[in-house]
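Take a look at this single chain, the form predicted on its own, given in structure tokens.
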């Protein structure tokens, strides 16, 4: 190789080796505060449910296995995630249908919106899914769903698939028999958080999450290695403004109102989903008493020493 004699020749020499000089980067590698990449956004259950109802007749579980609609953040270039590390989806299952068993590296959970008579089986334990319940599917657990009732069942899924995409340890496997044989029916299980218990816990709670809500209760400590779950009750009016390095996805269990994320205003009502990306100042404003489920990747930041939170 000819020895470079000018800066342009020097740059061309190491650029050809797939390198760059730290003194003239095309894009910065460090910045003073977190960049604003993913966008605040809301998805509305009233708009999505009619689409699922059409899909009910056009897409069978035999065809798709899971009849769901993934919430893709509208930031340019994004192909999948709801926020950087989490994805949310609406899902429905018809009476008589079975969503076959599989397992995967990502952790998953679901919040039940409407319908009775549906069960989830996780590693051999069969649990009924009731409106308001939160149910967990920890990573690499076999899980399937079946509707033995007379109503369509609708719920919200939340998974850490984008985290697995970033770190790349993705594994997925279909159950060799389609479903687990001879599951055991259980009323209570560590994976199931019942709505009636949640209401009682909120009634007894004095934890206001530093002003993010009027009261909250946490499921697990944390619920899963990458996800913390908080059911939060809002009183009529505004919460305090705050920001955190952790990403959050909120689901509206009860009530209506709006969430202000910077200059973006996101109106919401029951069944809606809100993306609140990291380090964005936000506050909730409830029209009356409301309940939100907060799904957050906070454990990742806690473990790595990256968690910062500010009340503004």
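Quick caveat, the model's predicted, so the values are computed rather than measured. Positions refer to the first chain, counted from 1.
Another form exists, predicted together with a small molecule; not displayed. Remarks below refer to it.
Contact with the small molecule in the predicted complex holds for none of 244, 295 and 303, as no heavy atom of theirs lies within 4.5 Å.
Looking at residue 61, you'd find every heavy atom of it more than 4.5 angstroms from the small molecule in the predicted complex.
Mapping the unseen interface onto this chain, residue 157 counts among the residues with a heavy atom inside 4.5 Å of the small molecule in the predicted complex. At a distance threshold of 4.5 angstroms between non-hydrogen atoms, residue 91 is in contact with the small molecule in the predicted complex. Shown alone here, residue 66 lies within 4.5 Å of the small molecule in the predicted complex, counting heavy atoms only. Stretch 99 to 107 is the answer when you ask which of 206 to 214, 175 to 183, 193 to 201, 99 to 107 has residues with heavy atoms within 4.5 Å of the small molecule in the predicted complex.
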